[in-house]
Structures are given as C-alpha cells and as structure tokens.
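A lone chain, given as structure tokens: the form predicted alone.
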C-alpha cells in the first residue's frame, strides 16, 4: 500500500491504471444509495473503526487521492486503518495490466475497457454487508434492492451528522442477530430474505463466519463451495461476494441479469445471450471474469455524467 500520512489528512498513491472519476461514475449510479455521498465531485463516507465512526472525504485525480477528515483528524493508527480500507475498497492491490492486455484482443471487451480505462472494482470490504447485500438483491430489480437496503440501514444502522448531512454506517451483525423476522418484514423483506439475513448475522456473532476464514481457504472453488453452504447464498451470491469482498478476479456471476443486458447491447442482438453462449464468449477472460463483468456493468451507465 502506497500512502503518506500528513497528520491532518492522508494521501494515497494508486497504481497507474486507476481513474478516480470513473469510480465516481459507478458510485453515482443510484440516487437511493445511503452508504456514501458524492457532493460536487467529492466522495464522503463514514465507516466503523475500532470503537468509533470515522467520516472521511476523498478528492482525487488519476495519480493521488487526498483523504480529509471533516469532523476532526483521528489518531495515527486510525488514519492507517482508513487508508487500508480505501486501498481495499478501490481494489488497488490488483495489477490490471494483464487484464488490459487480454481485453485489447477481445471483441467484446476491447472498446469497453478503452472507454472506462482506470475503473476498479468498487468493493464491499465488510463481509457481513457483502453477504447481506447479495441476499437483499436476489430476484428483484436493482431499484427495489436499493430501496430495501436504504430502509434496512436507516432502521438498524448508525449515523454521523456533519453540516446538516447524515452519513450512515451499515448495521452491525451483532445488532441484526438480535432482531426478529417480523421487523424486516415491516420493511418489505420477504420471509425468506429476512431469515437469511438474520441467519448470517447470527452465524457471524457466533464466530462461525469470518472474512479471514474464507480468505484462508485460498482456492476459489473451495471458497465458493463454503459460501454456498450458507443458507440463502447461491451460486450468483457466492460469486458476487468473491468478486466484491474477497478480491477474486476469477469470480464469475454468469447468471447476472445486468451482465446479460450489457452483453446483449455489446453484441447488438435482440435477445439476451444464453448461458452457454456467455461461457463461450468468456473463454478468453479466464482469471479475469470479475473485471470483465464489472466493466460490462459499467457500460450500462452511459447516461451518467
């Protein structure tokens, strides 16, 4: 991790293959998003660090990100953890050069990667948030998924206020482990989704599920199998968590509707491609399916400026 501490602010120096503005475009895709705010091109987010909630804001360019702390600069060890969080959030450890080389000869990816060069997979570093967001988004459209998440966060999360704005932090698994299914039903969760979300929270509160535990398994297929053993986590959800939280570049949510819509557009066809056709198209993406998927998702947001 390449960063510098200036006591009242920190600077992060991303790899060459990084474009902050492209990341901002992706983060701007839903007006219902409740876990970060973008104000005049500046990205604001609050996260839990140790026993406190820290609000930071990011301004940046291709070469440097400046992180300020609007309320007050935290202690050095907290600033270090914020830097580590941001480095992982923007997936800055991943070397994209091989992916770009691969994409340069791929008929589907070539123009997409050229258009959005520097985009990184915007992650979900917290495993509880990643698992439950994957569950919330199952079998509903993205707009309603964001509505459910907003209700969930505002009902059970914590928040900070600064200059009249409210900055929310995702609910803790310890809190959700104690609630009842009916409390989520009141937010329009289905019975099954409510049970799954609470089940994940209870397993985490018992120490049965941890991000470190999944990462220690090492092998992509083994981690996917372990994720799918969780009630409510199927193949799509497992690959989503692998892609967005565990930094697995080979993760491939092949059944994703957004991926199908993007491929339909890129191929210029009237119907969505079949799973067999997608598998054939993706043969050249081996090891980089997650990034191929993420860039194709980005192509769906051409109307965002």
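Residue numbers count along the first chain shown, from 1. Model, not experiment: these values are computed from the prediction.
The same protein also exists as the form predicted together with the DNA; that form is not shown, yet it is the one meant from here on.
The contact with the DNA in the predicted complex, taken as any heavy atom within 4.5 Å, belongs to 196 out of 90, 196, 173, 170. This chain appears without its partner; in the predicted complex, the one residue of 81, 138, 94, 205 with a heavy atom within 4.5 Å of the DNA is 138. The candidate spot formed by 215, 222 and 282 lies out of contact with the DNA in the predicted complex, as no residue has a heavy atom within 4.5 Å of it. In plain terms, the part of the chain that comes close to the DNA in the predicted complex, with a heavy atom within 4.5 Å, is 188-196 out of 161-169, 111-119, 188-196, 81-89. In the predicted complex, at least one heavy atom of residue 143 sits within 4.5 Å of the DNA. Among heavy atoms of residue 133, some come within 4.5 Å of the DNA in the predicted complex. Shown alone here, residue 234 lies within 4.5 Å of the DNA in the predicted complex, counting heavy atoms only. Although the partner is absent here, residue 297 sits close enough that one of its heavy atoms falls within 4.5 Å of the DNA in the predicted complex. Residues 255, 256, 257, 261 are the ones in 247-262 with at least one heavy atom within 4.5 Å of the DNA in the predicted complex, listed in sequence order.
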